[in-house]
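Take a look at this one chain, the form predicted on its own, written out in structure tokens.
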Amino acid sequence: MSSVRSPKKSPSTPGPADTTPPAGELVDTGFLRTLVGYNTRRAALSIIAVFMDRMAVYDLKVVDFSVLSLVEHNPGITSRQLCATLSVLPPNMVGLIAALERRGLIERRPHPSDGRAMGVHLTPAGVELTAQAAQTAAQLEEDATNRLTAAERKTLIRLLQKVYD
């Protein structure tokens, strides 16, 4: 049986240069700041942090709020439609719907035109909570983007939608 040894470096063997910036010095992010993905991710992380903090009172995560909002604006929407709209896998959507149903926020009813499907509807408690959460979401969006004018905010949304639509 043979073994392969890695070469040992002697103290005089030069290694890779240490390019770590000294503590307290700025890190060059110039290239990253030219990338759409980097900037959208940084913006999303900033907004999601505020969202999670403000929605904690409602015990809602981003996807929970998204489901409730879609159900509010599309009464009777099917879980298949929710999956497609939110890019959520069906097994994950089943769990989300079940959790919201256990909380008394949504209910499933037979779909009027597709006998195999169930439509998702808000309960009265779901209507109330979704309305409160929507107001909170609108305010947190304003707060999180307070360095933008209203026109800039609309432009940003329109441009981001061009990327993913």
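Keep in mind the model is a prediction, meaning the values are calculated, not measured. Start at 1 and count along the sequence shown; that's the residue number.
What comes next is about the form predicted in complex with the DNA, which is not displayed.
Novice: Report whether all of S79, R108 and D114 sit within 4.5 Å of the DNA in the model of the complex, measuring from non-hydrogen atoms.
Specialist: Judged in the model of the complex, S79, R108 and D114 all sit within 4.5 Å of the DNA.
Novice: Is there any non-hydrogen atom of K61 lying within 4.5 Å of the DNA in the model of the complex?
Specialist: Looking in the model of the complex, residue contacts with the DNA include K61, since a heavy atom lies within 4.5 Å.
Novice: Quick one: is A43 in contact with the DNA in the model of the complex, heavy atoms, 4.5 Å cut-off?
Specialist: Close contact is absent here: in the model of the complex, A43 is far from the DNA, nothing within 4.5 Å, heavy atoms only.
Novice: Any of the heavy atoms of N92 lying within 4.5 Å of the DNA in the model of the complex?
Specialist: Flag for N92 set to yes.
Novice: Indicate whether V50 is a 4.5 Å heavy atom neighbour of the DNA in the model of the complex.
Specialist: Contact check for V50: no, nothing within 4.5 Å of the DNA in the model of the complex.
Novice: Pick from 115-123, 28-36, 65-73, 128-136: which stretch has non-hydrogen atoms within 4.5 Å of the DNA in the model of the complex?
Specialist: Flagged stretch: 115-123.
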